[in-house]
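Consider the single chain below, provided in structure tokens and representing the form predicted alone.
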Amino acid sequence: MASTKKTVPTKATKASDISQWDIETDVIVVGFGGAGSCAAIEAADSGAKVHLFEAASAAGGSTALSGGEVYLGGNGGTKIQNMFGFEDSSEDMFNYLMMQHSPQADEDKIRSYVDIAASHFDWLVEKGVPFKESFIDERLVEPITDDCLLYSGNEKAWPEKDHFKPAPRGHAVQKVGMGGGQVLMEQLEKAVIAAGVNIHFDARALSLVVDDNDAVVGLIVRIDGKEVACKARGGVILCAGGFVMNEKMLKQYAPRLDRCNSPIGNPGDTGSGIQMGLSVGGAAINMHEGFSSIPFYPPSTLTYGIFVTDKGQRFINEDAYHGRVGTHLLEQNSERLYLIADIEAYGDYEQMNFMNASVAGTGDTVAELEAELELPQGCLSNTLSLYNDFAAKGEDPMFHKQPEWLRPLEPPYVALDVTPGRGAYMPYFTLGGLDTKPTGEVRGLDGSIIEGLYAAGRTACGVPRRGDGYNSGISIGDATITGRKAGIAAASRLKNS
């Protein structure tokens, strides 16, 4: 192609400026992670000729870096849920996800997700993704065994437990140890190859191409140092991840995440897909939101402890999901934040933990701990006295921690420093992206459809929209399901054109 201008994601290229198309195809997919692989499979299986472009030298994306949990259920339950006696109601799952992500929740997207979630498990199995027929009823961030079914959110915590029948919906890909996402991607890559998709590695998407009516008709890609013009008759599907690796975009859109210290994503999560969508009039929504975590379990016994501010005050039920706790940590107007435990709750923290929080103080009495932490005199003593009085009765009227995690905390005490930015491991990623229909079509600022453009995974704003309502497995579930839907829609547009 002939070009005299710098080609960048923030500016679309006019088709009239292209002298020759180097590649012509039906559907173009940008990104070879969970969303991109599923989009490519479904588009190809629908009869479209598909070219998939990945900036890295191998498939995987952020999905391959994950624990490999997929949040699935509803419609009476998946095969694994049913095997262990869980008949998961679609209405419970729908209402649960609506509660988790409101007021930003997209009702149509959540309904679309729930409708396909149980059958999506079967689709993944059909593609070779392994799931062990097992249920692990423990408080876990992710299994280090090869077990499958687990509670992976706030299903058993207040307030959700008071509204919906708890059901375990986390389906972890079978793998001993952590990192099941790699196994998931290995199988999806095999399925992409089997579907006959044309795969291009080390191929960086630079700019969308639009015609005189501002419809997306192709993509400019850099391969081997050269700009390659690619025409897409059905559409372009952006599955290029979020923007957690783009410091400038983070400061612009989600500055609160700057207090965390470990971005979760791959080097390609630079927001380029979102920028390309914006360049053709697409709308980006929910850009301020992100997932932030304090993985304070294992050991699960730390759930018996209490989180307090530097005023000695609790602010959350400690049996909540680690992502909810992490989000609430960021919201506290406090210079220091602590997790207070006794020796029994501290357990084997020094032998096995994820959060790497340092010991900020110890005490044989509450007063000693209070003094060592330099808290206002009596504040922690009063908080712990009130907590212990109710815990002895199996009650927590202040924050509704469930009885199974309630007992009085007895001396000696230990305080772990969980202040954001002070060393404790606090992973984070973004939850904003392009505004799309449940079927992947990108919307403009006025709600109209950008013809020929689709997005899925973290390039789009999907089902997960709030950090305090996040569930492990919802990102992979959303990426793979929305990828499939976008692939089908792009292939369908080709047939109907």
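Start at 1 with the first residue shown and count on from there. Bear in mind the structure is a predicted one, so any value in this text is a computation, not a measurement.
A second form of this protein, the form predicted together with a small molecule, is not displayed here; the remarks below concern that form.
Engineer: In the predicted complex, which of 434-442, 447-455, 43-51, 24-32 comes within 4.5 Å of the small molecule (heavy atoms)?
Structural biologist: After filtering at 4.5 Å, what remains is 24-32.
Engineer: Any chance residue 314 has a heavy atom within 4.5 Å of the small molecule in the predicted complex?
Structural biologist: The answer is no: residue 314 has no heavy atom within 4.5 Å of the small molecule.
Engineer: Are any of the heavy atoms in residue 269 no more than 4.5 Å from a heavy atom of the small molecule in the predicted complex?
Structural biologist: Yes, residue 269 lies within 4.5 Å of the small molecule in the predicted complex.
Engineer: At 4.5 Å between heavy atoms, is residue 67 in contact with the small molecule in the predicted complex?
Structural biologist: Yes, residue 67 sits close enough to the small molecule in the predicted complex that at least one of its heavy atoms falls within 4.5 Å.
Engineer: In the predicted complex, does residue 265 come within 4.5 Å of the small molecule, counting heavy atoms only?
Structural biologist: Looking in the predicted complex, residue contacts with the small molecule include residue 265, since a heavy atom lies within 4.5 Å.
Engineer: Are 55, 62 and 475 jointly within 4.5 Å of the small molecule in the predicted complex, each by at least one heavy atom?
Structural biologist: Verified in the predicted complex; spot residues all in contact, yes.
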